[in-house]
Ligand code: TRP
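Take a look at this one chain, the form predicted alone, written out in structure tokens.
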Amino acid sequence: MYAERVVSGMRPTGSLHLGHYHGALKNWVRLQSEYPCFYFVADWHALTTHYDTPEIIEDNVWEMVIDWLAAGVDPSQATLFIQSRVPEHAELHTLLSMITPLSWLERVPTYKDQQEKLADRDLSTYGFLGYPLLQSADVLIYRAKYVPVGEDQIPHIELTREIARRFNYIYGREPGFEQKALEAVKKLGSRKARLYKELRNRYQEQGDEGALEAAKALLDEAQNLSVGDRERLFGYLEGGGRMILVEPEALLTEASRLPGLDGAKMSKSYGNAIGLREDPESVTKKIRTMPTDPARVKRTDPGEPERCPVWQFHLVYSDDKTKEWVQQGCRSAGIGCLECKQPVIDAVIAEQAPMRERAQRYLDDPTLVKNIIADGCDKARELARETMREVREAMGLDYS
């Protein structure tokens, strides 16, 4: 229906670590060469749990954007922006809140999970309850087709799809819809109009999903349709009304296989993280002091790699030959733990070297980052305004 856009965001938590890189950023870098990507700093989302410490957010915003750029996110390929600088996110969130049942928000699995994990914080606010709806607005405002998420975030995408479906059902049923749709069909030209009708009949009468996809591709290629006519033809195709908001799909990403230095999840708050741009001396010290298999008390004691946090790093960073060397050497006590750690140290430092190099130009001249974000905000806002014009018209709010 629209460009196959990808939308994703991160809360500004400050400098990122290697877990973020292997869990999300590496994927962002890959996606930017495949789709039009919109990556945003979710500063409003940070306020849902840290509304009482807003002073930490600003510094964190710029640190995090520099980390994105250091990781290889390319502003010439992807659009980078800050959520709060595109106020249309908040407007769509407000309008969607008028039609979203409270029970839909209360059943989101992470709602209760986060309440338990963050028991020391006051989370009895609408902002916290409504953050999945703000997430939905973040995606729907760009009519994105794909949202890269881990398995735990799939319920959020399902919620977004339900909200888009409900909105289109309520507000897509304009007076004279069918007549307007038939007029729009004629604008395709006689050959394409005939093909569209055939494909629509095959889908509606036989449930032929192939026909549905072929008809959508036909509309995507049509150059002479207005946004309103395009929405009508997509809705008419599936037997509904105008398709004003697009139902996004989850683009499932693998969870980061990189644990923290102690084998638990990597997190700054656990003190077990390696920063994305940490200096080599600090990286070396951290990995050299990592805990290993507790059975290896002495150098001559054999060990079991599967019980050792260092082995998890080898799974991410080492080739097959090195992994075989570790397996044999550890189990036979042929190598010591410091020997085992050295290839990991070398690989991590080699991975970080281009990141530190890319970051340096932005650290030397912070205006470069501000300009990238300013340009990204302008581009994002242009698309957001287009969506909101359609939303306001559909909801009867376009009066002057």
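Just so it is clear, the structure is predicted and the values come from calculations on it, not from any experiment. Counting begins at 1, following the sequence as shown.
Note that the form predicted together with this ligand isn't included here; everything after this is about it.
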Contact label in the predicted complex: Ala181 to this ligand, heavy atom within 4.5 Å | no
This ligand contact at Asn168 in the predicted complex, heavy atom, 4.5 Å = no
So, in the predicted complex, is Phe40 in contact with this ligand at a 4.5 angstroms heavy atom limit?
-> yes
Considering only heavy atoms, tell me if Ala394 and this ligand come within 4.5 Å of each other in the predicted complex.
-> no
The listed residue (Ser84, Ser318, Ser97, Gln153) that reaches within 4.5 Å of this ligand in the predicted complex by any heavy atom is Gln153
Name the stretch, out of 354 to 362, 59 to 67, 40 to 48, 370 to 378, where some heavy atom lies within 4.5 Å of this ligand in the predicted complex.
-> 40 to 48
Val7, Tyr131 and Val149: each with a heavy atom within 4.5 Å of this ligand in the predicted complex?
-> yes
